[in-house]
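Single chain ahead, by itself, as structure tokens, in the form predicted on its own.
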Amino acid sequence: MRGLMLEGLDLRKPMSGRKIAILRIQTEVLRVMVERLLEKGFYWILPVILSKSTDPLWPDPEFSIEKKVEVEIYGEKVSAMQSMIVHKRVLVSLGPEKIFILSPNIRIERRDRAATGRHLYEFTQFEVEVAYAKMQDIFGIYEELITESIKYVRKHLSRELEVLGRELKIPQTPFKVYKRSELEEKYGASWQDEVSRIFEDPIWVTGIPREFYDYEDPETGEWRNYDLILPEGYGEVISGAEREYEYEKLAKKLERDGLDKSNYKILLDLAKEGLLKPSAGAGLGIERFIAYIVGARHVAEVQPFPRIPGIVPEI
């Protein structure tokens, strides 16, 4: 895809005009997205960083974690947050039913993923969760956030786009929807890379076998989950699903995947008591989305302090 981007790792030098332009665009994109959700009645929740419960990221086919970060505090072992999925499910069941979070994630990716141009070991997700929502509801939310932020950048930040040499297209909505099985049959195991290069607009891909909390129809085997794939080789930028909420299904899938039920005790207790509400949600990788908007050669180019797999900066 794009070559490894190492420029900007020497943090003793002043930022280039290109870097300043990227940060300006990121600032305005986040402002637009936050304002849209606040207008829709969403609650803005602050993130959790350390917890006994986090996303196992298993058995996602894209799993590539080299090491899980764990520490001991107050005599208890906790993990660095890989995704706030468990916390989101609890919150929309017991509190506000529409939430969003700018959630830092720590995923120590394999070193070989540095060269993809898409991976970081610290990044931030723009997380959304809505009680009683379905796939199409979440599609509509993110399609609006994406198109409205791109429209704003084109209209108000043309000077920054000129500095970056970026011609930015407004994608047509609704985005097209494809089944993973169909794409895999047509393009093979590397279907994601292929469709990201071939399609001119973002597309939704549904039916991806993965973590226990994504809804799986017991009769048809259909997974009601989805990824959004960006064009121009930028790949997956959103991952989400309708959620499991029934105790027996959650418990059985945790056993199937070899996961420790004690790490998800609150989730299971709520489900057993009938308090875990059906919901749907997703997380948008902010750095990947901004990289797409600005035409970055490597996603780390949009970070003030790049977090490239295998490289630990001095600061």
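In case it trips you up, residue 1 is the first one in the sequence shown, and so on. Worth saying up front: this structure is predicted, and the values here are computed from it rather than measured.
Separately, the form predicted together with a small molecule exists; it is not shown, and the next lines address it.
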Query - in the model of the complex, residue 222 touching the small molecule (heavy atom, 4.5 Å) - result: no
Report task. Answer for residue 107 alone: is it within 4.5 Å of the small molecule in the model of the complex, judged on heavy atom distances? Result -> yes
Report task. May I ask you to check whether residue 119 falls inside a 4.5 Å heavy atom distance of the small molecule in the model of the complex? Result -> yes
Requested in this report: Evaluate residue 238 for contact with the small molecule in the model of the complex, applying a 4.5 angstroms cut-off between non-hydrogen atoms, and reply yes or no.
Outcome: yes
Query raised in the report: Which among 262-270, 283-291, 45-53, 22-30 is in contact with the small molecule in the model of the complex, heavy atoms within 4.5 angstroms?
Result: 283-291
Query raised in the report: Of 79, 125, 196, 206, which residue is found within 4.5 angstroms of the small molecule in the model of the complex when only non-hydrogen atoms are counted?
Result: 125
Requested in this report: Report the residue, out of 69, 251, 57, 34, that has at least one non-hydrogen atom within 4.5 angstroms of the small molecule in the model of the complex.
Outcome: 57
